[in-house]
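Just the one chain here, laid out as structure tokens, in the form predicted on its own.
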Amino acid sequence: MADSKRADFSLIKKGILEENPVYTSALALCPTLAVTVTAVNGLGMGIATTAVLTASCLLVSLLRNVIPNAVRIPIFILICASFTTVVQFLLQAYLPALNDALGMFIALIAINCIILARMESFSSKNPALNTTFDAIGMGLGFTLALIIIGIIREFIGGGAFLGFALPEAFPRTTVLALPPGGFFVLAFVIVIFTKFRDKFFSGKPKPAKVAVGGGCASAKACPSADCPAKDEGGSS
């Protein structure tokens, strides 16, 4: 795959569903639990991380043949930190409220384990086009994870939806808006996500149907030497 120039669009779906960095690999749990008090914060953190992830991984892929192996990790961190600084300056200039809400977690994108993991395991070994699709998929998977957790915590724990307060009569479970509530919601969503993924996207072949009466549909299709159909039909 490293030498293939064909675009593999399935990498996007893979990052969202099959190998979601939060729900499947349990990566970047610190920002996941810290910023998902509201869905808007989760969306902002996800977009910022996706931007840094895509730009950093693309640059690593383009330079993969010239980066010395002995110092690749420091170079990866330097590249990631540079793009993180650019994103942070843009947030400070154009979205100061979001920048204040996310706080230090914007700067911590520079050492986000999702980005470093994709640089090491994929970007440094694959061409730019597939690296871009992989980074976008992982970024969208991370963003989706944050948004879902943020919606649940904001709606049930904070009594609001996308920043709009619900009526006072709406019941609130305040603990979900607190740090311990983040763990509860994350565990619940992981269970639901895993069940959904295994049911619809496992890719496992369906079990073969067995004919009524205990025999096989045909003696030729039966892999076993003790197949009743072979015994009844005689030797083939």
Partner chain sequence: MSNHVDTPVLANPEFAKTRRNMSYVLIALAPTTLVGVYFFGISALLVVLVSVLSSVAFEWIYQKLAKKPITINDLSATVTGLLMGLTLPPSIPLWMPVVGSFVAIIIVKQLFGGLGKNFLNPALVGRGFLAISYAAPMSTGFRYPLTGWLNVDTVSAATPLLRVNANGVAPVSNDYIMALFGNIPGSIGETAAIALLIGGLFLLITKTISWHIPVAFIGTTFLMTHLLGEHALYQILLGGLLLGAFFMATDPSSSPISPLGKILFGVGAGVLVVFIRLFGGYPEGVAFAILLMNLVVPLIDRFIKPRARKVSE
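Positions refer to the first chain, counted from 1. In this text, all values refer to a predicted model and were calculated from it rather than measured experimentally.
The same protein has a further form, the form predicted in complex with its partner chain, not shown here; the description that follows concerns it.
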Check: With a 4.5 Å heavy atom cut-off, would you call F184 a contact of its partner chain in the predicted complex?
Finding: yes
Note to self: Just checking whether L178 would be counted as a contact of its partner chain in the predicted complex - the rule being heavy atoms within 4.5 angstroms.
What the structure shows: yes
Next item on the list: With heavy atoms only and a cut-off of 4.5 Å, decide whether P171 touches its partner chain in the predicted complex.
Entry: yes
Notebook entry, point to check: Do F196 and its partner chain come within 4.5 Å of each other in the predicted complex, heavy atoms counted?
Noted result: no
